[in-house]
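The form predicted on its own is given below as one chain in structure tokens.
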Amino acid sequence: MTTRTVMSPDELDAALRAIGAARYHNLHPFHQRMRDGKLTRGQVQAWALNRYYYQRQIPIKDAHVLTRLPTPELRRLWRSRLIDHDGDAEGTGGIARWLKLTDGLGLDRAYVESLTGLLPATRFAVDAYIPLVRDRSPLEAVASCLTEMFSPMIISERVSGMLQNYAFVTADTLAYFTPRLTQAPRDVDFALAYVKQHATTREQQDAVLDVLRCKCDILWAQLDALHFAYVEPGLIPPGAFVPETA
């Protein structure tokens, strides 16, 4: 049996970025339709409502990762992620800003927070994220967050496209994304350095690449669910959000 060669840190970096280039959800037709102004207001509302569940689970994911990091130094560094999303006071942080986004799109906040209108496939996809960081190695848990390497690109496309193409979207509505343009690169610097330092065997490197593929699949599956229910063929499951225009 042939032994696979251990990659250098730079080769591992390139392999991680190649996964994003091939599998990140900026390539998904639903994202491209949203960017290009080809969605209805109701379809954009459905995206924001369903994406809220993912946003809500991010700090829970980060709390799981935090418990698995072995040193106070690493835990202190990771703790900033929890503050980014939960905030340090009522009404602050990424989750609060996402609710301002759904408010701005005309969705009832209590309805969004209740998760009543969530697509079943969204729930299944997002719920797969917690086991990914809880049950795999700490190295893989950190690596699962490396989709943030590609997020500034999709945020830039999303914000500029939506502001240009949708009269019902304002810069204030999309204020969630502004801090992410600095938070995500900061988080990537730490996570990527950690992965490149600690993935020193080919087995570890393959595991890191596999978990990044899995994370890309989780993000892709969320847009699959939205496209199937609200674009083509347009089969909204029982109990899920129904746009007024549907």
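Nothing here was measured: the structure is a model prediction, and the numbers come from that model. Position 1 is the first residue in the sequence shown; the rest follow in order.
Beyond the structure shown, there is the form predicted in complex with a further copy of the same chain, which is absent from this document and is the topic of what follows.
Distance criterion of 4.5 Å from any heavy atom to a further copy of the same chain in the predicted complex singles out G87 from the list G87, G161, G117, P152.
Residue-level contacts in the predicted complex: of L82, L105, A121, L132, one residue has a heavy atom within 4.5 Å of a further copy of the same chain, and it is L82. Stretch-level contact check against a further copy of the same chain in the predicted complex with heavy atoms at 4.5 Å: of 23-31, 36-44, 193-201, 60-68, the positive one is 60-68.
Using a 4.5 Å cutoff between non-hydrogen atoms, L101 does not count as a contact of a further copy of the same chain in the predicted complex.
Using a 4.5 angstroms limit between non-hydrogen atoms, R76 touches a further copy of the same chain in the predicted complex. Contact between I95 and a further copy of the same chain in the predicted complex is found at the 4.5 Å heavy atom cutoff.
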